Every structure is written in structure tokens, then in C-alpha cells.
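Below you will find one chain, with nothing else, as C-alpha cells; this is the form predicted on its own, and questions on how it binds or moves follow later.
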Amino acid sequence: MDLSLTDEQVLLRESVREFAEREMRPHVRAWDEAQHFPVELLPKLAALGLMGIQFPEELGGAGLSAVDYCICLEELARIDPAVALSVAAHNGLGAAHIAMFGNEAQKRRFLIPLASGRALAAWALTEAASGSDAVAMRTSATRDGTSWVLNGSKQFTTHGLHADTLVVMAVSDRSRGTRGVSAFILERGTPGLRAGRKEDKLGMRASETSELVLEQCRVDDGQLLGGEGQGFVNALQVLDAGRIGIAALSVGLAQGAYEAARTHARTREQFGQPIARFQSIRDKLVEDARRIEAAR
């Protein structure tokens, strides 16, 4: 298997790395300390095509490959994994669910703004008592004529406060278990939809995570995504495709940590010499580099 990058992929890596160094590195500490989600960065990410990496060009995306997607996330995470996590959640969860299972009308209405970076996506599955355990899901969707009424709450929703478009899973037929969960596309500003508590996280604090509350939230039948009863099944398919993005993010985070450690070892002196000259330190750095490359 040839794991070398093409010339185009090398250029992509260099472009995203230069962007991250210029637009992100000077602000990483301030964003983290303030728990600031950098909405001001989103238009710049969009201009580089990073808000629609794998989506077709005719739908507003960059039309790149899965390998290209991993390159982009790795380079962003090398500087700030919080930003990389937001890009991954937007591309690989909320927008991806619509791209994979939306009908043409839904793609035109919702995916084009998301892929072009004019809108931000969120994806709401997890609740206080459920995640992959669909049977424990409490958020409900009740049909009312040509509409659905949603009630419940979601936890740990990335972009819960700022998302323009949200994909929400809810139980539409409790008697059918995992086949009784449906997915719905909601827009910010929909009556009955509001953000709840923002999580005070230990790390990746510039990536916004919050509770989502739905109280008599009404959506029309055209916002049912992927067919009634298919929400949980489709959600697992979305997660399957998204795992590779989190793996790439992890490699980038490790690379950034390794480079910081290497720089410190070259500049920190003990006993009249940089500690990078000590064999035990060199062994640790070499082993880290080897493991990172293997993971990549």
C-alpha cells in the first residue's frame, strides 16, 4: 500500500498548516482561557473550503477525498484541537447526516449553506440517560397533521448555542425500539428550540458544547430526515464515517504536543547543555515520533 501523499495533497497540507499558524496560533491560549468559540474564524475556514471538505462542488463543497479530510483535520488539530473538533462536528456529523440521507430538496435548502460555510451545523443525539442506547432516549416526536412536535433535551451538543442548522434525533414510535427513532432538521430560531447550559470543559474549551432544549418545538414533515424510524440507524452510519476524522484529529494533537516537547528539549538547559542531548530524553522523543507516524 502506497501511503505517500500526492503533490496536490502536499500542497493542501502546506496551505492548511500556513492558515493554522497565521490565523489560529496567536489566539489559541486566549480562546481556551475565555472558553471563546471563535465565530470570527468561520468565514476564513469557509474561504479555504474547510466547512465543506468532502461535499460535492455543486452543493457548495470542496469535493475533496477522505484522505484530504484527514489532512485538513490533522493540521488544524496540530495548532488547536478545539477548532479541529468544531470543523469535524460540522462536516462529519450535522452536515454529513443531511448529505448522506437527505432528499434533494433538503440538500438544496440546508446542505448548500452548510457546505459553503454560510451556516453552521450541529448534531444532537446524546441525552442525560442515553447515547448509543436508543431505547433510553426520552426526546419525543409526535405527529400532528403534517407537522411534528418535539419535546425533550439533548446533552453535549457541539455548536448547541451557535448552530444555524441542527439534526436532532427523537423517538417517533417507542414500541419499535431502535427502529422507532427519527431524525429531524431544525433551524435556529424555531419556536420551542433553545440552548441550555454551556458545558465548562476541561479541554478543547474553544469548541462549544451545550445542552439543547425542545419544548413544543414544531417542524413540518419536510424536515423529517431519512425517513420515519430511520434516525438511529442512520445516526450509527454517520458515526461510522465520522470516526476517521476524530482519529486524524488525535494524530494532529499528538503531532503538536510532540513538536512542543521537542522545542522545549532543544531550548531547556541542564548541566550546561540542552536536555535534548540526554539519551533518555532523545529516546522518548524518538518513540513518540515513531508512534505518531504509525498512527498517521
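No experiment lies behind these values; they were computed from the predicted model shown. Throughout, we count residues from 1 along the sequence that is shown.
What comes next is about the form predicted together with a small molecule, which is not displayed.
Trainee: Just one of N103, Q216, S147, S132 has a heavy atom within 4.5 angstroms of the small molecule in the predicted bound form, so which one?
Mentor: Residue within 4.5 Å of the partner: S132.
Trainee: Check each of A124, A77, V181, A95 and return the one that places a heavy atom within 4.5 angstroms of the small molecule in the predicted bound form.
Mentor: None of the others qualify; the residue that does is A124.
Trainee: Which among 149-157, 68-76, 216-224, 108-116 is in contact with the small molecule in the predicted bound form, heavy atoms within 4.5 angstroms?
Mentor: Among the listed stretches, the partner-contacting one is 149-157.
Trainee: Considering only heavy atoms, tell me if L85 and the small molecule come within 4.5 Å of each other in the predicted bound form.
Mentor: It does: once the small molecule is placed as it appears in the predicted bound form, L85 has a heavy atom within 4.5 Å of it.
Trainee: Does any part of T165 reach within 4.5 Å of the small molecule in the predicted bound form? Heavy atoms only, please.
Mentor: T165 lies outside the contact set for the small molecule.
Trainee: Whether R194 contacts the small molecule in the predicted bound form should be assessed with a 4.5 Å heavy atom distance threshold; does it?
Mentor: Heavy-atom contact with the small molecule at 4.5 Å: absent for R194.
Trainee: Does any heavy atom of T209 come within 4.5 Å of a heavy atom of the small molecule in the predicted bound form?
Mentor: Output for T209 is yes: heavy atoms within 4.5 Å of the small molecule.
Trainee: Your call: G229 and S132 CA atoms, closer or farther in the predicted bound form versus the shown structure, by 3 Å or more?
Mentor: Those two alpha carbons end up farther apart in the predicted bound form.
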